[in-house]
Structures are given as structure tokens and as C-alpha cells.
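Below you'll find only one chain, the form predicted alone, shown as C-alpha cells.
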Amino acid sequence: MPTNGEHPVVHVLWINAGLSCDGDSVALTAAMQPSIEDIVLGVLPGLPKVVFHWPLIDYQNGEEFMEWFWMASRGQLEPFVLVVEGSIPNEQIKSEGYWTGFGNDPKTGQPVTVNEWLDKLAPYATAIVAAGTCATYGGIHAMEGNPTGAMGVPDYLGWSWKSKAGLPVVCVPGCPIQPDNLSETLLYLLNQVAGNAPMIPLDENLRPRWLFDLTVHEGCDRAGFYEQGQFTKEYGTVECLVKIGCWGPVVKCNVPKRGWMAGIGGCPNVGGICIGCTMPGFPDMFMPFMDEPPGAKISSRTVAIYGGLIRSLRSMTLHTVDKETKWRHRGPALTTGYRPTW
């Protein structure tokens, strides 16, 4: 096995052939903390050498590209991290054909389904990362009434599944994913492989805790308006968006705090409602979009009463502090209260 100093070369095998729009691959190219270039070029101290086998950027193609996946399926590539993008269709409900495939079997010339790749690669993977809401929890393709039986990677492998390194599926949701959330998770896992980090801390839905512990509301620029009972009824204002459909108070996501790119953007920050795309129940549990969430009907009315009182009290305080003190003036007398000690 090739090495870089004391550390092995870590291969990142990326399958983007699930039911997906490739938006998570595209998003990752915008990551800055760290950038994908930082990881690939090895400019970060302590990281092992990393080789990406990623359809979006790989200069290899055809059989040359696919051979890395076949090597991994035979247990001949060690260690490797498998990244899956897109939801996993249920191939068992197909009487003919297939839902989605990734490369061809050289023995038969037939497409290899994503399900088959998961079956082949999961036993040998050091870690599996489900990138984006489709891969994590099924996403749009798994909504009620879909014909594919689509699901997330944990649904397919099992929520109690563990890699040979003892890692469950690591889920980084987002539709599409917040770029730095994915690059930072990959950075953590690579540090773990190198022995520089403890077991990655995940929540009950297998999301990295440090990224998804807080709700949209807790990091939102508009949270102060909610507290004061100020809710907008139309787009384009600065008040809280709950009454026009924002699910921010209950959705686990750090985008308002982190922004989208270079700290800029994030759904509520730019006037858009949160529709819950980082949650396992998305989209069904959050529809219809742009209607006031059920819980918000009670909470917003309660907060409106409390917030009205708070605004009145703060207005009174504002009138006492939004003025200069009386001792700032010209003239021969010093009225600041200073008393000389000599």
C-alpha cells in the first residue's frame, strides 16, 4: 500500500449516480473552509495524502476510472472513504431494467446499479459519507407517491450499520449541501484516519453535531424580531418569516450562521424561508411550503403579546439612552464628576 510518510494514501471514491441533480458535487467546488483544493494538494498539516476519484473533476474516465471502484470491491484499496450522492432507489421492485447505475460490469457489459455498488463497497469502506439530503434521508425523490421506492443510504444499509472502522454512515444533509459543511466533515474524517481526531460526534440522525446542533432560528439574523413579536406577511421585509412559512425554529441547520459562500447568504439571511431540507422528514413533513407551520400559529400569537410588551419597555429605555450625557460641553467648568486628588 502506498504511503506518504507514516500515513497511508486515503482514496475518496465518489458515486454521484444515485437519484440526484449533482448539486452537492457542484456545491463542494465552492467550499473555502477548507477548500477541496486544500485537501487534495495536502496543504493542511497532519493530513494523509488524499486521492479523489470523483466524476466531477477526475481526469480519468471509462474503464480506467472505474477500476478504482473494482479494486475497492475486491478489498484491494485500503483505506478508502466512500461518498454517495443521490438517493438510493429500490431495485427490488423492478421487474425489468434498473433505476440507476454507475459504470458497467466488464464481465457482462451490463450497468452496475448503485445498490450493487453499496453492497460491494460497504464491507471494505473505512467510512461512508452520505452527501446531501437525497443521500442522507431520500430527499425529493423519496417523497410520498414516488415510483422508485427511494431512500437514504442509512435506510439502505441500516441505521445501525458500522464500517470496519466502527463508523456509522456519516450524514451531511442539505439541498444542496452547504459547501463548507461537507469539506469540513471530510477534513474531520481524514484527520480521524490519520489518528489526529477522536470518533466523529454524530447526533441521533447521524449528522455531525458541531454543524447541526442548533436550529436555523438560533442562528438567524431575524431571531430578534421573533422575540419582539414582529412577523412579516410578505417577502422583502426585515421581520421574522415564520408566518409566511419558515420552519427555522425547529430545523437543525447552521446555514444562517455560516452563510452560503464566504459567510454570505443563507436562506433567511437573504429573505427566503427555511423549508427543512436538512431534516429526515423533508419534504413531506414541511409541506405545503409557504404556509404558516402548525406550531407557529400558537407560538407566534403568544410571542406577539409578550413581544409587544417587550418592545414598549425597550422603547422607553431607548429614549433614556439614545442621547448624550450632560457633562459633554464647552466652558470653564468641569462637570464630569471628577475630583482631583491633589
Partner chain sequence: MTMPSQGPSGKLVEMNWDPITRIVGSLGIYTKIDFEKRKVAECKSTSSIFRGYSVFMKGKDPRDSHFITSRICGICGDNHATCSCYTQNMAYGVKPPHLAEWIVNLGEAAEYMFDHNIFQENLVCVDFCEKMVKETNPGVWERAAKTEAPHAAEHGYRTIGDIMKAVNPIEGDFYREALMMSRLTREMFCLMEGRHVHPSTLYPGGVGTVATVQLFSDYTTRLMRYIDFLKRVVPLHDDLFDFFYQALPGYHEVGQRRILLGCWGSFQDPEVCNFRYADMTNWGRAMFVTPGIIVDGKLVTNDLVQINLGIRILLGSSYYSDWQTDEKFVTHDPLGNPVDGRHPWNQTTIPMPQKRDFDEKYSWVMSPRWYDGKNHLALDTGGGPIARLWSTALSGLVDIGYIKATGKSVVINLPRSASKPEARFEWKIPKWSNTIERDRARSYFQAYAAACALHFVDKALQELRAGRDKTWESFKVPKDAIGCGFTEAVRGVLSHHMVIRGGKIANYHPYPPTPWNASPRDSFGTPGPYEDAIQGQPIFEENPPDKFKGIDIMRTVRSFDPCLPCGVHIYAGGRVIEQVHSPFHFEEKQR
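Positions refer to the first chain, counted from 1. Just so you know, these numbers come straight off a predicted model, no measurement behind them.
If you look for the form predicted in complex with the partner chain, you will not find it shown, but the lines that follow are about it.
Engineer: Out of Gly75, Gly145, Gly166, Pro198, which one falls within 4.5 Å of the partner chain in the predicted bound form, going by heavy atoms?
Structural biologist: By the 4.5 Å heavy-atom cutoff, the listed residue in contact is Gly145.
Engineer: Ok, Gly158, Gly224, Pro123, Gly272: which has a heavy atom sitting within 4.5 Å of the partner chain in the predicted bound form?
Structural biologist: Checked against the cut-off, the match is Gly272.
Engineer: Check whether Thr317 has any heavy atom within 4.5 Å of a heavy atom of the partner chain in the predicted bound form, and answer yes or no.
Structural biologist: Output for Thr317 is no: heavy atoms all beyond 4.5 Å of the partner chain.
Engineer: Can Tyr188 be called a contact residue for the partner chain in the predicted bound form at 4.5 Å between heavy atoms?
Structural biologist: Contact check for Tyr188: no, nothing within 4.5 Å of the partner chain in the predicted bound form.
Engineer: At 4.5 Å between heavy atoms, is Tyr98 in contact with the partner chain in the predicted bound form?
Structural biologist: Looking in the predicted bound form, residue contacts with the partner chain include Tyr98, since a heavy atom lies within 4.5 Å.
Engineer: Would Pro55 count as touching the partner chain in the predicted bound form under a 4.5 Å heavy atom rule?
Structural biologist: It does: once the partner chain is placed as it appears in the predicted bound form, Pro55 has a heavy atom within 4.5 Å of it.
Engineer: Counting only non-hydrogen atoms, choose the one of 158 to 166, 199 to 207, 137 to 145, 76 to 84 that falls within 4.5 Å of the partner chain in the predicted bound form.
Structural biologist: Careful reading of the contacts points to 137 to 145.
Engineer: What are the residues of 222 to 248, in order along the chain, with a heavy atom within 4.5 Å of the partner chain in the predicted bound form?
Structural biologist: Contacts from 222 to 248: Arg222, Lys233, Glu234, Tyr235, Gly236, Thr237, Val238.
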